[in-house]
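Before any questions on how it binds or moves, here is one chain, the form predicted alone, in structure tokens.
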């Protein structure tokens, strides 16, 4: 009888472990979509704000457009208790994280949280160094679905080892949690991140501007530590070979609707992140965004390009100075093509079929994904007038 009991326990354990691993295998098969508090609110977050954001996901159609993660960034934690358990700031989150996660889940959404691989977060709150398994168990108990894991105050730690440690802790905790590695691209995580994280930052932090930058120091090395979206875009070239279902390059959160970006710049920013198969994490105050910004971030035809199940990251196929052509292969064999004009004046330019990997001798249909209209059939090439700092995005199909 004892042997039978042990046998049954073993079977149950193996089945449960296989089920858990299957859950992890199904994470982030398309780039994650959601909202993160950092770009707009920094450390000024609280449970009322997060609940209002979750409500807006439903009211404004963000959930219907595909956005599902509501993620709180740095500033939710305050200390650890005598047993080392992370303590939530009671002034900001008086009901606790479990209650907040439950609220988000009642909306049919998923809840995300933030920590850091070092002894302190970037905001000076307790990091997870030395508490990885304890924190992972706590996140699982709270019902967390997404973890952004930062890289401040890490000293001489090994990034691959630190992220693998937390990844193992998450798996042992037993709840499938999307793992976002925010290491800023310092140790080329695209080369080692697959199988550890579901997405990894490829650059330092984004700012809501066209091409601004700010110099700073990381580990005593002088770097551009804040960049506009075009500077970040330039750093994505060549990384497309590392991305795919379950493991994505992350050029940072969207700044659409923030700062002084113009309408055309917002459209370009969103379009290029879709072409890149980048995670689409909104960084604006979605409660107060204009109808114009809402229309941009809920363009279902561009989102479909981003979420295409083939999981192919787009790439630049031509660079004529200020005039660029970016192309993304889609699951049905078609191409999404983005004409990007960096110049100060509108300009006419285009592309040929061969440049985007299609047979040159076939007539293809084109659809404009911002005008949302069919353009007709074209023979061998297509040209369009592209606004300054703007884009034209078409789907090329047979």
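Residue numbers count along the first chain shown, from 1. Note that the structure is a prediction, hence the values are computed from the model and not measured.
Separately, the form predicted in complex with a small molecule exists; it is not shown, and the next lines address it.
Trainee: Counting only heavy atoms and a 4.5 Å cut-off, does the small molecule in the predicted complex sit next to every one of 267, 315 and 339?
Mentor: No.
Trainee: Just to confirm, residue 142 within 4.5 Å of the small molecule in the predicted complex by heavy atoms?
Mentor: So residue 142 does not count as contacting the small molecule.
Trainee: Residue 122 near the small molecule in the predicted complex, any heavy atom under 4.5 Å?
Mentor: So residue 122 counts as contacting the small molecule.
Trainee: Could you confirm whether residue 135 comes within 4.5 Å of the small molecule in the predicted complex, counting heavy atoms only?
Mentor: Although the small molecule is absent here, residue 135 would stay clear of it in the predicted complex, with no heavy atoms inside 4.5 Å.
Trainee: Answer for residue 179 alone: is it within 4.5 Å of the small molecule in the predicted complex, judged on heavy atom distances?
Mentor: Although the small molecule is absent here, residue 179 would stay clear of it in the predicted complex, with no heavy atoms inside 4.5 Å.
Trainee: Can you pick the stretch from 187-195, 230-238, 257-265, 148-156 whose heavy atoms fall within 4.5 Å of the small molecule in the predicted complex?
Mentor: Looking at the partner contacts, the answer comes out as 148-156.
Trainee: Though the small molecule is not shown, can you say which of 171, 205, 285, 324 has a heavy atom within 4.5 Å of it in the predicted complex?
Mentor: Looking at the other structure, the residue within range turns out to be 205.
Trainee: What is the one choice in 114, 273, 248, 163 with a heavy atom within 4.5 Å of the small molecule in the predicted complex?
Mentor: Selected option: 114.
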